[in-house]
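Consider the single chain below, provided in structure tokens and representing the form predicted alone.
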């Protein structure tokens, strides 16, 4: 039976574990610790937890100061506030001097659900991906989230970790290996390549099964590391299969789809189809209904794959 765990829950659990291992790790939150799950760390290490109130810009500046003093701060709030409201201090106070701040932003994407367009960060990867020195990770499940959080804690420099609100399928086992800047090949194929991340990886894998029943075999790559991006693996599979589909719970502008398009345009121009939010805001509704309405489903990925494969040169 498939287990379901929210990536924000996995973040809170791993941050707690890291706190026991390394006294230099501290946590900050913008009055949302119950939702972002930094509350676990706060209860265990109250002297290393800072509730900055509803003051996200101040939180990022404070985190920069802690990092400059040799600590490893994890700063958390909802993605729309972390990446949107606090973008300027992230750029100038954290990224410009390459300070060792880890931004763990939860409640990203349409799956925030009923909170609606004002709280559904659909542009955050684009914003942070454009900031120099920033590592951007979008883990697909609880296992990968814990590994990504640990990588952020041990590798230097600013990180942006994009986390979700709803419980999602656990896709990986205890032997799963994660590395910043590398894609994992989860399934091989000869007809097209699907690159997905975050909660869209599970639908991408289901889409590959749908296509296989129709005689189309799809390679599936986990594109959790949006920056740095694994161009080598993408180009290899693009050349091998001749068509690429990307799938993300984010705007098709500036995120995973854009990163893939840039690499393919320069290195291996093949048909590309991007599954994501098509330059619009979200709306209030139940998460599953919203994902279906905006085409972020296995069937939506399969339809894009058929389109991309049909455009291949014969």
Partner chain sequence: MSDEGTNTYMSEAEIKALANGARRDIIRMVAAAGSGHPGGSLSAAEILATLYGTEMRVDPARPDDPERDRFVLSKGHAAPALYAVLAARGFFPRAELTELRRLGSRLQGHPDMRKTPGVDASTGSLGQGLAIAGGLALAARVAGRSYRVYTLLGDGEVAEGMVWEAAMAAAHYRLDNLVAIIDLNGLQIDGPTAVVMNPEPLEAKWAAFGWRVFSVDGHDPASLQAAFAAARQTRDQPSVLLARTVKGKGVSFMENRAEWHGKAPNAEQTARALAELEGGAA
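Everything numeric in this text was worked out from a predicted model, so none of it was measured. Positions refer to the first chain, counted from 1.
What follows is about the form predicted together with the partner chain, which we do not show.
Can residue 267 be called a contact residue for the partner chain in the model of the complex at 4.5 Å between heavy atoms?
Residue-level check for residue 267: no, no contact with the partner chain.
Residue 58 versus the partner chain, in the model of the complex: is there a non-hydrogen atom within 4.5 Å?
Residue 58: contacts the partner chain in the model of the complex.
Evaluate residue 66 for contact with the partner chain in the model of the complex, applying a 4.5 angstroms cut-off between non-hydrogen atoms, and reply yes or no.
The answer is yes: residue 66 has a heavy atom within 4.5 Å of the partner chain.
Under a 4.5 Å heavy atom criterion, is residue 220 part of the interface with the partner chain in the model of the complex?
Although the partner chain is absent here, residue 220 would stay clear of it in the model of the complex, with no heavy atoms inside 4.5 Å.
Pick from 216, 180, 71, 231: which residue has any heavy atom within 4.5 angstroms of the partner chain in the model of the complex?
By the 4.5 Å criterion, the partner-contacting residue is 71.
Consider the chain as shown here, without its partner, and state which of 98, 227, 150, 119 has a heavy atom within 4.5 Å of the partner chain in the model of the complex.
Exactly one residue meets the criterion: 98.
Where, among 135-143, 81-89, 199-207, 234-242, do residues come within 4.5 Å of the partner chain in the model of the complex by heavy atom distance?
Of the stretches listed, the one contacting the partner is 81-89.
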